[in-house]
Each structure stands twice: as C-alpha cells, then as structure tokens.
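The form predicted on its own is given below as one chain in structure tokens.
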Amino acid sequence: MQSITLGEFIIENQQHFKYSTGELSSILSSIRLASKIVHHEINKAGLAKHILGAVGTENIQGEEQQKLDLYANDVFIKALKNRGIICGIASEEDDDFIAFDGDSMKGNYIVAMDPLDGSSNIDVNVSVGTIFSIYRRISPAGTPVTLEDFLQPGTEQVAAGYVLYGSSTMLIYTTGNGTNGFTYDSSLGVFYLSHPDMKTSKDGKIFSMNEGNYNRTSQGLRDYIDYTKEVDDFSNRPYTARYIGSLVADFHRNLLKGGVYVYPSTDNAPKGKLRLLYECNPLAFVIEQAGGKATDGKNRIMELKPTELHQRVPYVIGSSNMVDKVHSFMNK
C-alpha cells in the first residue's frame, strides 16, 4: 500500500476545505512543524530536567504552569506567526488573546489552542497532547483582530484537531470532511496517513470520568455511574472504567474503541472544568465527523455561543448512543 504523507494529504484535499485556498494548508503545515518540535522535546523529558516540573506561576485558569506548557506555547505561537496568515491566537496559557501586527493583520484566520493538554503528566511519563481549532476571522482583514473573532460558535470552525504524544505521536484533524489520523515516523520526520476516515462506534464499553467527583455532582449522574457498574449481559455491563486524566489521551482511546467521556459540573466547579474554545469545540468537531456526539449535558457543544475567552462548560463526548444514555440520566 502506498504511504501518504500528511503534506500530500493536505494538498490533495484542499478542494474540500470550507474556504478553498492554500492558506489553511499553510496553517496545518505550521501545526505539523510545531508538533514535531514538541514531540522531540517530550521524548527527551526524562533526561532533560530543565523542562520537567512547574514554573512556579499560575495561568488564567488558576492552574500551575509546567515548564513544558510554556515551551509548547512558545513553539506553536512562533510557528503560526511566521506564516503571516494568522492574525491572532488564543491560548490556554495566556490571559488574553494575542493580536499580531504588521502584515499578519491581513491574515484571514485565528487559532484557539491548548498547547500542551495534560502537561502535569509529563513527569510520570503519561501521554499528553495539543488541541487546536481554526476559525476564519469576522473582523475586516488588515485591522487588528478582536475578541469577537474568537467568540464564535464551534459550528464556524474551518478545521480542528489534536496531536497525541504517546507511545507514538499522532496528529488527527478534520476540515469538515471526515476525521483522519496520521502517525509520526521519527526516523524520517514525516507524518503518514495511518487512520483514514476514522469512525467511532455508536456504542462502546468504556466510561471515562474522574469518579473522585462522584459526591460532588448531580444525583442523575451518580445514578448513571452506578448504572455503568451493574451486571447486565444484554447491555454489556458493567462498562470498563478508564480515566487517564489527560483529555487528549482519554478522548483518543474512546474515539478508537468506543466509549464516553464525562466532565460534569460539580459543587466546586459549577460550570465544569474544560474550556469551550480550545478543548471542547475542537474535539467536538473531530468526534462529530467520526460519527459521535459532544454536548454540555443538554445542548450540542458546537452550537453554544461563547461569551468569554476562557469559558468553561460541562462536557459529555463520545459514542452517540452512550452520550444519549448519559443525557437520559442527567435530565431526569
């Protein structure tokens, strides 16, 4: 079978882009480049002590920043800025969006990203990832990017995806014409198409949630958790409980094997924990293109209108029938 590289695939499928130009191809190429650099640094994390551990500062979320968080953030920002096509970036690691000046103001696109999801797991050699979302700006080209350019519903995404840095590094993305996965061959420095037209099953056996929050969440969700543990051969229960604590890794497993991931509202986090713009929306786009669903427990995630840059929402994502079952318990 002929091997197709990520670069070849992007070029061959430009006609399917929502806006058929070479600009989006260039942005995806920048993400490819940055992910290679981050992959290299992650793979030597056990030896390179200068990139392990916390910096001693917190991001806008109140989360302790890891050294590799800031490194990955810097790498992706530089790679995207250098193309001159992006007019602004919103990152989990920055308090406000970054507005590029000069010729970059002519750019037609903005990017929202979590440069290193699950970075606290680096110290214990657990998989982490990068999540990205691309939108076409709504403000006039040639002017500074505005907050409104970022506060668009997920339905307006022109591309989204993630990079998983695990036993192998994979880049998975969609432009609204299916979900495709590419595996990195580090010996050649090339991503190859390994998972064409990915589809998740309608049902699954995996339930992913931090059950430490069991007593902090709603009675309906507690009832669902109890339901997943009941013995019932007809519905293949009990389900298998799998929770890594790295969103990209949990999501990727469920995408391939079938399952549901839940991060609900809790007593101490009534709006949930995950961020709508650069975590929930991009993965929702990916899962929908693979046949799954993503909601906030009631509403389709991609139809929510963001009201702030770092907005948090409850999250239910995965195999469609499993998402529906979670809803049936949460909305009793």
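Residue indices: 1-based, along the sequence shown. Given the structure is predicted, the values throughout are model-derived calculations rather than measurements.
Only in words, not in the display: the form predicted together with a small molecule, which the text now covers.
Each of 118, 247 and 275 places at least one heavy atom within 4.5 Å of the small molecule in the predicted bound form. In the predicted bound form, the small molecule sits within 4.5 Å of a heavy atom belonging to residue 279.
Interface residue remark: residue 261 is counted as part of the site for the small molecule in the predicted bound form, having a heavy atom within 4.5 Å. Taking the partner from elsewhere, residue 243 is found to have a heavy atom lying within 4.5 Å of the small molecule in the predicted bound form. Shown alone here, residue 183 lies farther than 4.5 Å from the small molecule in the predicted bound form, counting heavy atoms only. Screening 218, 210, 174, 152 for any heavy atom within 4.5 Å of the small molecule in the predicted bound form leaves a single hit, 210. Partner contacts here mean any heavy atom within 4.5 Å of the small molecule in the predicted bound form, and among 286 to 294, 299 to 307, 23 to 31, 266 to 274 they occur only in 266 to 274.
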